[in-house]
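Take a look at this one chain, the form predicted on its own, written out in structure tokens.
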Amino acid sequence: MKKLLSMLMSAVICASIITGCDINPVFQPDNKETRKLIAFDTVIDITLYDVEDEDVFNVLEYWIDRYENRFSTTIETSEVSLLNNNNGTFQQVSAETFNLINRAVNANEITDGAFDIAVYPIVKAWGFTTGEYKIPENEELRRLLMFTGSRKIQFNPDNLSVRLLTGMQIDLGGIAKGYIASKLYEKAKEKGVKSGLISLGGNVQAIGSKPDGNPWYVGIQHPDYENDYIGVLSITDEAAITSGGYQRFFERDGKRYHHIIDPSTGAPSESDILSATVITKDGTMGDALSTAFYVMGSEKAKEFLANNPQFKAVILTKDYKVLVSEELKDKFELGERFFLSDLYYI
């Protein structure tokens, strides 16, 4: 269900690229090491600076592979796939999978159902898992909606087992990338890395600051212009996670249908939001919230942010208002396609 600051461009733009070359001639990043991987049907870019332990990339790749083999819906032997095909009985899983599903259910509760990992059968019905797109009949959607609602998931903490009701299936894609980026951040820190960036699709995790001490600059892609930006964020040791319906969609009879499903209707969300970016140290919940905001709309998103100040956001509405958390006033620069009159602090 996600997300996204531009997958192929890693959604991460250094300040020297955004504002012109040689902005800081003292900072010459020749101590940079990078890896590009494919996992979870997503391009993963890892950039680290001043690497002291050369084993760090092998460690990160090991954990990426491990997470994919636990959380993927496309690997038949993954824990999630086995759970999805367990015919309504309890399935024992690892502590990590157990806890992540628990966090997803918590995200469902605090967003009043706007984030729901149990919409997977509906996502499949629209063809977003295979690329063979179709518009499901209303009767089919009504039937599938009976199996949504991740609060129906049952847990047995005694043996770390999970039960989905018969007909239910889950997809952790809307929360797992934020979780994985956070874990890779921790693994890199354990290996002594002080500066770097990890990008999983629309999930950007900053490790420390840039080697010159300045914050990292992250461009939030404009949903209507591939090479332009809503604005640029300054982040240090934080995640910036974006959801938008502009990355994965199809068109029928002149109407666009995107992949972010509203769990209350079974159809692509029709809220007033074009793009929602969450900035937080809790990448797991930030991942879920970026989707939830997109579904719930700007008014409910603003209400949630007011009650949960540990999360900050940049939201673009369909009438091109840019809503920015007050705490980001000195950490956000508006893109060139917007005027100051388009900017609203929330």
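Since we're looking at a predicted model, the values are computed, not measured. Numbering starts at 1 and follows the sequence shown.
A second form of this protein, the form predicted in complex with adenosine monophosphate (AMP), is not displayed here; the remarks below concern that form.
Asks: If the cut-off is 4.5 angstroms on heavy atoms, which of these, Met285, Val295, Val314, Ile44, is the one near adenosine monophosphate (AMP) in the model of the complex?
Replies: Comparing distances to adenosine monophosphate (AMP) in the model of the complex, the residue within 4.5 Å is Val295.
Asks: Only one of Leu100, Leu197, Ile220, Val119 comes within 4.5 Å of adenosine monophosphate (AMP) in the model of the complex by heavy atoms, so just point that one out.
Replies: Of the candidates Leu100, Leu197, Ile220, Val119, Val119 is the one lying within 4.5 Å of adenosine monophosphate (AMP) in the model of the complex.
Asks: Counting only non-hydrogen atoms and a 4.5 angstroms cut-off, does Pro263 reach adenosine monophosphate (AMP) in the model of the complex?
Replies: The answer is yes: Pro263 has a heavy atom within 4.5 Å of adenosine monophosphate (AMP).
Asks: With a 4.5 Å heavy atom cut-off, would you call Val123 a contact of adenosine monophosphate (AMP) in the model of the complex?
Replies: Val123: contacts adenosine monophosphate (AMP) in the model of the complex.
Asks: Considering only heavy atoms, tell me if Ala114 and adenosine monophosphate (AMP) come within 4.5 Å of each other in the model of the complex.
Replies: Yes, Ala114 is a contact residue.
Asks: Going by a heavy atom distance of 4.5 Å, is Ser275 a contact of adenosine monophosphate (AMP) in the model of the complex?
Replies: Judged by the heavy-atom cut-off of 4.5 Å, Ser275 is well away from adenosine monophosphate (AMP) in the model of the complex.
Asks: Given a 4.5 Å cut-off on heavy atoms, tell me which of 209 to 217, 88 to 96, 223 to 231, 166 to 174 is the interface stretch with adenosine monophosphate (AMP) in the model of the complex.
Replies: Comparing against adenosine monophosphate (AMP) in the model of the complex, the contact stretch is 166 to 174.
Asks: For the stretch 233 to 251, return the residues whose heavy atoms include at least one within 4.5 Å of adenosine monophosphate (AMP) in the model of the complex, in the order they occur.
Replies: Residues within 4.5 Å: Ser243, Gln247, Arg248.
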